[in-house]
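A lone chain, given as structure tokens: the form predicted alone.
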Amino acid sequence: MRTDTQAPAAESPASAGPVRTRRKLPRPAPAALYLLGLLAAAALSALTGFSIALTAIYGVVLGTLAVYVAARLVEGRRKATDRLVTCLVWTAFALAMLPLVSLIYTVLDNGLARLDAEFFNSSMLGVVGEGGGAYHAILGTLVITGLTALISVPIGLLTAIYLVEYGTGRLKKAITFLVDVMTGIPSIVVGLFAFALFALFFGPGIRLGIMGAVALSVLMIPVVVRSAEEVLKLVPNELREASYALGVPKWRTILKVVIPTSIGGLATGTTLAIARVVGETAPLLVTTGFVNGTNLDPFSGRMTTLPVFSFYQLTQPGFPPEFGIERAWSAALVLIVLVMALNVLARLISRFFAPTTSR
């Protein structure tokens, strides 16, 4: 008697029936549905009393709801949840960009009117109404910022090198704690500290450019320390150990191996720290004061910087006031361009001087 022990043949794909494919919304459909939600919100807001804030709220809710419902009906619950989160992320990004775009537009709209040659080569000495410029304030900003960097960068870098390469125990913890505390000090308190310090030696009422540089240094040093410390930690220990194995002392290893390896990050952090303090106003109002003429000696007399110049032109514009307000907006525009240039410079330094891209 013959027994058939062979297993039945597997069913062919053709006999298994049609393959079920998952449906998907067309590529432009989510954006179109979100736009329809915004249009519906505008119509609803127009019927109930137009308001930009209510229109934005209604538009976000209706647009996100339309995308979620359409994705849930067509693509399923999982994909609908993904599209819901995507809508929320893009909405948060748009809300974050809205104040920045509004600020840039407002400054450009009000500041371009006086951004002429006279603004860059004239001071406010003898100017009452129309005319004048921020020549003295621009030079004062460059002098005080340069002195601030000259004071802060060596102190900050050496402190970071000590914390990473040498520091141990309680002293390291104490320095780290003090750096964290200095990071959160209000700028006006720093200005009062610098004023009180110089008043002890030169008497009350003293106003000097170097006072502003000292005040800004207190704000800049912790930023330099923190950024440099994180960059130095990224240097591989294998490089240090290889140098030690060749008999190179520690100070020379730091000077010839660690710092050249991290020079791009150190320069980037320093540039960003300068950009952070160049727009400070409160400490300079207390320490440097205001003057209409040009003064390039930080150790003699008052100096004016762009933030202080903009503040005084806005709060004390003179008569008629529109000319002073125009100068204030133009000074703010120059300051924004200066900060943006420093940030671009930091990115270029990070790109071209990093070890991975310079080879």
Partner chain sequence: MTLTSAPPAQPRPKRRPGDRIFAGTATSAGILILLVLAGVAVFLVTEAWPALTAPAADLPDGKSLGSYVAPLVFGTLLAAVIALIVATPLAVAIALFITYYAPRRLAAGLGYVVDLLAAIPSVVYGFWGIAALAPSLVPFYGWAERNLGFIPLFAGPASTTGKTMLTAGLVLAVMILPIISAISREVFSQAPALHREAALALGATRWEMIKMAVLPYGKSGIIGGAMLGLGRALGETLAVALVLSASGGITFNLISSSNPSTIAANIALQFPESSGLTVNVLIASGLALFLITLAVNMLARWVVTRRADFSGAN
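Residue numbers count along the first chain shown, from 1. For clarity, every value in this text was computed on a predicted model and none was experimentally measured.
Unshown form predicted in complex with the partner chain; subsequent notes refer to it.
- A heavy atom within 4.5 Å of the partner chain in the predicted complex is found for one listed residue only; from Leu150, Met97, Leu73, Ala117, this is Met97.
- Among the residues Leu125, Leu139, Leu112, Ile175, the one placing a heavy atom within 4.5 Å of the partner chain in the predicted complex is Ile175.
- Taking non-hydrogen atoms only, Arg347 approaches the partner chain to within 4.5 angstroms in the predicted complex.
- Interface membership of Leu62, defined by any non-hydrogen atom within 4.5 Å of the partner chain in the predicted complex, is ruled out.
- Proximity of Phe323 to the partner chain in the predicted complex: non-hydrogen atoms within 4.5 Å are absent; the residue sits far from the partner.
- Interface residue remark: Ser310 is counted as part of the site for the partner chain in the predicted complex, having a heavy atom within 4.5 Å.
- Contacts to the partner chain in the predicted complex (heavy atom within 4.5 Å) from stretch 212-231: Val218, Ile221, Val225.
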